[in-house]
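Here's a solo chain for you in structure tokens, the form predicted alone.
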């Protein structure tokens, strides 16, 4: 078979790979499509813990076995406690070989029927970002239709799924981005408003006009995290699933305890979160927003597009 192998930090190759027979709790499926995540980029750049070489990258994928199609849950070995993952938890694509290949050995309990209304390209875009957004908003933040929601960094996969999920239940949703073009696209999708995240005055003005947010979904962290918490209503919640802008450097404690704020972290999702996410997507006929589609062998072009921050939606590979 062929696939994308991370050979050393910053070095990938599309090459022939030997695949061992599956273990007793696994099956071997032929992969037809996969999708890129920022996680893949961070691993390539060496910004991820405990990287091993060589490894086949990729967390998102769909495939078939005996003419039956499957979507893959990329979170493996969650464990018995739904509140948090076990110490054995890992995400497909490092250290376990991932989906950027023509075949994969995968635990049978990680395979789910794909939502019937989705094309193969759309289904491949869903798993990692979809379950991350679903758990963040529903399992952790307890979102409900009356909530006013802010999604930061619109254009990324999790942010867009968070936007679509919140809109699907009737929430009003505002967004931030580093690019006016992405703000405009979000407005066309139904956002109530938007602001450039580096324009603090404009962001504060938007939040004041809204009257504060009930829920903020964030992946940036960094120096702006304190500013975000200050735009929450009393009793509000900020849930973050990443720290793309680095460590949180400051937090006004009095603002947090006086306003009774909830600061929540979230990572991926349990098997129940994944199953519920698929049912939610099916019920509301949600279609992932796909930015672009590449042949798998054009992996470097796709990585360049993500690294340049050009994408709005998921980047998908055809195998």
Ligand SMILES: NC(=O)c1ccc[n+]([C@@H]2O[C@H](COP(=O)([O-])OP(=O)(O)OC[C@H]3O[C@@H](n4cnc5c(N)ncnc54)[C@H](OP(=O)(O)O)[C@@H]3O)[C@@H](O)[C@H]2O)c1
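Numbering follows the first chain given and starts at 1. Remember, it's a predicted structure, so these values are computed and weren't measured experimentally.
Not pictured, yet referred to below: the form predicted in complex with this ligand.
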item	value
Residue stretch of 5-13, 291-299, 19-27, 304-312 approaching this ligand in the predicted bound form, non-hydrogen atom distance within 4.5 Å	304-312
Contact at 38, 153 and 197 by this ligand in the predicted bound form, all three, heavy atom at most 4.5 Å	yes
Contacting member of 44, 286, 56, 268, with respect to this ligand in the predicted bound form [4.5 Å, heavy atom]	268
Contacting member of 148, 182, 140, 114, with respect to this ligand in the predicted bound form [4.5 Å, heavy atom]	182
Residue 125, heavy atom within 4.5 angstroms of this ligand in the predicted bound form	no
Contact of residue 163 with this ligand in the predicted bound form (heavy atom, 4.5 Å)	no
Residue contact check: residue 220 to this ligand in the predicted bound form, 4.5 Å heavy atom	yes
This ligand contact at residue 177 in the predicted bound form, heavy atom, 4.5 Å	yes
Contacts with this ligand in the predicted bound form - residues in 229-253 whose heavy atoms fall within 4.5 Å	241, 242, 244, 245
